[in-house]
Structure formats: C-alpha cells, structure tokens
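Presented below, as structure tokens, is a lone chain in the form predicted alone.
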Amino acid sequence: MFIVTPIRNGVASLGRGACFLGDVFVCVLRGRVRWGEVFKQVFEQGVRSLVIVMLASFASGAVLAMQGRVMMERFGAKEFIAQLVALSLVRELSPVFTALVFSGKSGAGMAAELGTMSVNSQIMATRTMGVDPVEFLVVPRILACLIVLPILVVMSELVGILGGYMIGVHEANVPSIYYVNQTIQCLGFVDFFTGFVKVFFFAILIGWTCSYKGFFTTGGSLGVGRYTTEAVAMCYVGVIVSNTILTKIILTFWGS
C-alpha cells in the first residue's frame, strides 16, 4: 500500500502533465499566441538569468583551462588546452550549466508567479472572463523559454571560451593567435548540433515543468514555496538525466 499509492499518484500526475502540455501545443498550432506577452516574458526571463549565467560560464571556462593546463603539461601537450575548453563547453557544459541556472532563476520565478495566481484564484478569474488561462499565461512563458535559453547558451559558450582564453594565453603562455585558430578549427557542425538539440529539449522541459507546477499549485503561500521547490528540483533531475540519454543517442547516430 505504501508503495502503490506514490506510484499511482505519480502516474496520475504524469498523465495530467501530458494533457497540460497537449493543451499548450494545441494553442500554438492554432495560432493562439499572444506575442506581446511572449516578448515580455523573453525580456524578464533573459534579464533575470543573464548575469549569473555569464559569471558561471566565465568561471567554468577558466577552471577548465586551469585544470587542462595542469594535466596537459604532464604530457607536454598544453597547446591542446583550446580544444579541451571549446569542445567541453559547446558539447556539454554550457547547455547543462545554463539550463540548471535558468531553472533556478527564471524557472523558479515562473512557478512562483503562476502558483501565486493559482492560490489567489486569479487563474479561475481568467476563465470566468472568458480567457483561456493556458493561452494567456502558460503559452507565452514556454515559448519565451524556447527563445531565451538558446540565446543564453550561445552567450555562455562565448564567455566560457573567453575565460579559457584568458587562462590559456596569460598563464599557460599559449600564443593568442594559435589559441584562437585551434578553437575555431576544433569545432564542427556536430559539436554545435549536439548542444542545440539538448538546449531546445531542456527549454521545453523547464517551461513545461515550472508552468505545470505553478498552474496547479494549492495550499496557500506555503503551497507556493513547496510547489516552486518541487518544480526546480524536477527540472534539475530532468536536465541531468535527459542530458545523459540525449548524449548517448547523439553519439550513437552522429559519431564521437
């Protein structure tokens, strides 16, 4: 009984979440998109996450170069620091780190906003006025995730590579022109494709999870905090697990 009940509740919640996402797709396919709200959410989500994403990316690139310098110098191959930093960031670290930071900042804010509306009966009031709350509140937030997250990832990659460049050139004494040329030459279409497939999947996952949790929040102000925490935790787990699965699939079909 103690095992069956959580499983049953989990399956029911997953089914309701799937129906919720289906309603979002129906709105988009029918052209019921409020672009003014979408761009408002793009601004809010992008600004909310920009600074911390840039700081985390610069630090990640710098740390990769520091550790790479130590390891590569043992084998007399410190000139390969540029490849290590660029490939690690573009293929894995920037998409995953940016998605995690985005979940903790914009995702949490999204869940808290919708959760507050839910417990204050504002979502019910929207229905009463004849406006579909999914179209008005949820669709703009999910579409904004799909627009903002890829942009943040590209900026994260550039700033991370800059962090690696600073360490590689000024500490490892790799010539500047050589470092830039090696970075450009080592990156191919598959590397960017690998990262961007993950980014769009992460964007849907974060937007869906946080909107769903916020939309169905109950329990007053305490419920808002609990559902927001659950939303962020689910996003973290979902990003990490799905990244592993997507990496295996991509490497299986498109090579190493």
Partner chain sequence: MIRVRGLSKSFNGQKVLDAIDFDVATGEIVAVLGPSGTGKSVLLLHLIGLMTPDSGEVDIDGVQVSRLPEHALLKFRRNVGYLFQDSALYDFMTVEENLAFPLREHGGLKAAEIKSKVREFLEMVDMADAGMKYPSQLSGGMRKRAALARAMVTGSKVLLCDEPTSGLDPIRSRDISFLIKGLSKKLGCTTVITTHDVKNAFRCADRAMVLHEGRIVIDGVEQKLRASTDPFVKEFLE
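Positions refer to the first chain, counted from 1. What you see is a predicted model; the values in this text were computed from it and never measured.
Missing here is the form predicted together with the partner chain; even so, the following discussion is about that form.
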query: In the model of the complex, the one of V119, V154, L87, M166 near the partner chain [non-hydrogen atom within 4.5 angstroms]; finding: V119
query: Single option in A77, V131, L162, I147 placed near the partner chain in the model of the complex, where near means a heavy atom within 4.5 Å; finding: V131
query: L93: touches the partner chain in the model of the complex, heavy atom cutoff 4.5 angstroms; finding: no
query: Contact test in the model of the complex: I184 vs the partner chain, heavy atoms, 4.5 Å; finding: no
query: 4.5 Å heavy atom contact, Q83 to the partner chain in the model of the complex; finding: no
query: Contact test in the model of the complex: R127 vs the partner chain, heavy atoms, 4.5 Å; finding: yes
query: Stretch from 67-75, 166-174, 111-119, 95-103 whose residues place a heavy atom within 4.5 Å of the partner chain in the model of the complex; finding: 111-119
query: Residues from 135-151 in contact with the partner chain (non-hydrogen atom within 4.5 Å) in the model of the complex; finding: F136, L137
